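Take a look at the structure tokens below, where one protein chain is shown in two forms, each on its own, as structure 1 and structure 2.
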Structure 1
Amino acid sequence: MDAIWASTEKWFFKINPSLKFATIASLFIVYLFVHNLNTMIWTAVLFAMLYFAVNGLAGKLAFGLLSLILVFSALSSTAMVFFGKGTHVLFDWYLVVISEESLARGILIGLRTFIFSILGLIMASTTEPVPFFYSLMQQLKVPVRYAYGCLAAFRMLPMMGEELVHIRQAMRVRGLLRKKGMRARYERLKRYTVTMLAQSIRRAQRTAVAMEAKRFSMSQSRTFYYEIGWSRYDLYFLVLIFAAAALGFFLAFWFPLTPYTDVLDQ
């Protein structure tokens, strides 16, 4: 985990993780009901700028993740662009009918995916798992056994990844990766998952027994090694996010880039 962070000193890391999560999660609801293409364009630009300003990732990784999101967002709009309903047809080829309306709606869906992904990335690139789960226990009162369960499980990920590589190598040596066809594909999937699952379940069970013996799941009168509290950065964060979201709506009103203020209008 340590290799991916360039800096964990930026002020976004000092925001209360529960507050950050709750704010970003509620923005999802807001943008689910925005049908104005201009608002979405401006908001996407603003949040992308915010992401570059605050993320604590190494530069290359930050760009890499952004480009992944761009591809993913573009793909999520294809069905609507090619096969959406609409009357002003721009392009027609067998089943593919691209109309102005479907194009606008498709782009909006793509932008929506982009905004949600970039919001998720702002959260992911400025939050370390340990403070996050401690904050869930302390501020959101998530039961201790769930939070520690998550933390323990995340620590097992590198081991699981290593195991996956080993199984892959073992299968390659035995020539199993060369088989083609649906049947072989299904067998291979089953071999991977059953082996991985059996190993991981055994390991998880052993770890959990040890953790319970050490009273990790005790809930009454317990103390925490890390105390996650509140600070002035929480206020700055709320103001900044609110300003960015509001600016998106205002810019769409002042500088509308497209005529589509409601893509659901026929």
Structure 2
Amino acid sequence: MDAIWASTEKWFFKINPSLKFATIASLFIVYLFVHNLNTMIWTAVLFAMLYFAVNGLAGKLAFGLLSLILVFSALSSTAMVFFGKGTHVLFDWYLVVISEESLARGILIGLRTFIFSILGLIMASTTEPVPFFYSLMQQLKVPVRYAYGCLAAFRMLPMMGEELVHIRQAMRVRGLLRKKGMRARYERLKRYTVTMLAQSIRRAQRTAVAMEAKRFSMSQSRTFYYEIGWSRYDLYFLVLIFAAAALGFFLAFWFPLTPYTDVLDQ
């Protein structure tokens, strides 16, 4: 999983993961109640620029994830755009009715999806799993057995992917992939699921026994190999994030791009 990042030297990786998580979660709540279309447009642009400036991903992967977010954002707005209600009809064809009001509300939903996704991507692309779970235990006081359990499950994902490749290669050697038809597909799916489920149960059982032997279930405080603390980068992060959020509101007031200041009232 560590091969995902092209660089972990950027200063966003040095921020306390719990602070980063709490700040981004608070922004989710803030933008859930913003109905000014101009604010959402400017905010989307600013956070997209921030994402490209701070993420540690390879260039193609960063652009690929952003493209995927744009597709999902567009899809999330289609229901409101095509079937929403409004008085100023722009297009009417059977069940599809597009009005100015439905278009504005649909774009708002798409922008909200984009902002939530880009914030989550900033979090995911600048936070390594191990420091994140250690920070949850040390700063947010998440019980050790839950945090280490989640970390162990996260570490199993690459193993499951590798196991899936091995099963597929074994089936190809035996000629099982040459069979066509719905029944053959059902049989292949059953072989995949049964094999991986059995292996996952065995792996989970061994992990649980190992964690119990290491006394991860005890309630007393314990020491940690990694100590996650605070630094000046945390302050820089707070200033940058809240400055970007505030700038989105100010730009919407100074340079409005649409007349929709509240899409629910228009």
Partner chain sequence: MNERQNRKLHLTDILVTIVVALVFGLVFRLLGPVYDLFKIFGLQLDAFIYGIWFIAGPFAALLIRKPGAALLAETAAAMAEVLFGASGGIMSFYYGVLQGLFSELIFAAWRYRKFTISVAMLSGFAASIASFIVDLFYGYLTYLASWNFALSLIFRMLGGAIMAGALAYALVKALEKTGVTHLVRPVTKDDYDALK
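Numbering for residues begins at 1 and runs along the sequence of structure 1. Rigid core here is just the name for the largest C-alpha set that superposes within 1.5 Å across the two forms. Computed from a prediction, not measured in an experiment: that's the story for all the values here.
Peer 1: Specify the structure that is the form predicted together with the partner chain; exactly one of the two qualifies.
Peer 2: It is structure 1; that copy is the form predicted together with the partner chain.
Peer 1: If we fit on the core, is the Cα of V239 displaced 2 Å or more between the two structures?
Peer 2: Where the cores coincide, V239 shows only a C-alpha shift between the two structures that is less than 2 Å.
Peer 1: Relative to the superposed rigid core, does V165 relocate between the two structures - that is, does its Cα move 2 Å or more?
Peer 2: For V165, whose C-alpha is compared between the two structures after core superposition, the shift is 2 Å or more.
Peer 1: Is A124 one of the residues whose Cα moves 2 Å or more between the two structures, with the core superposed?
Peer 2: Result for A124: no, shift under 2 Å.
Peer 1: After superposition on the rigid core, what is the displacement of the C-alpha atom of T193 between the two structures, in Å?
Peer 2: Its C-alpha shift, to one decimal, is 4.4 Å.
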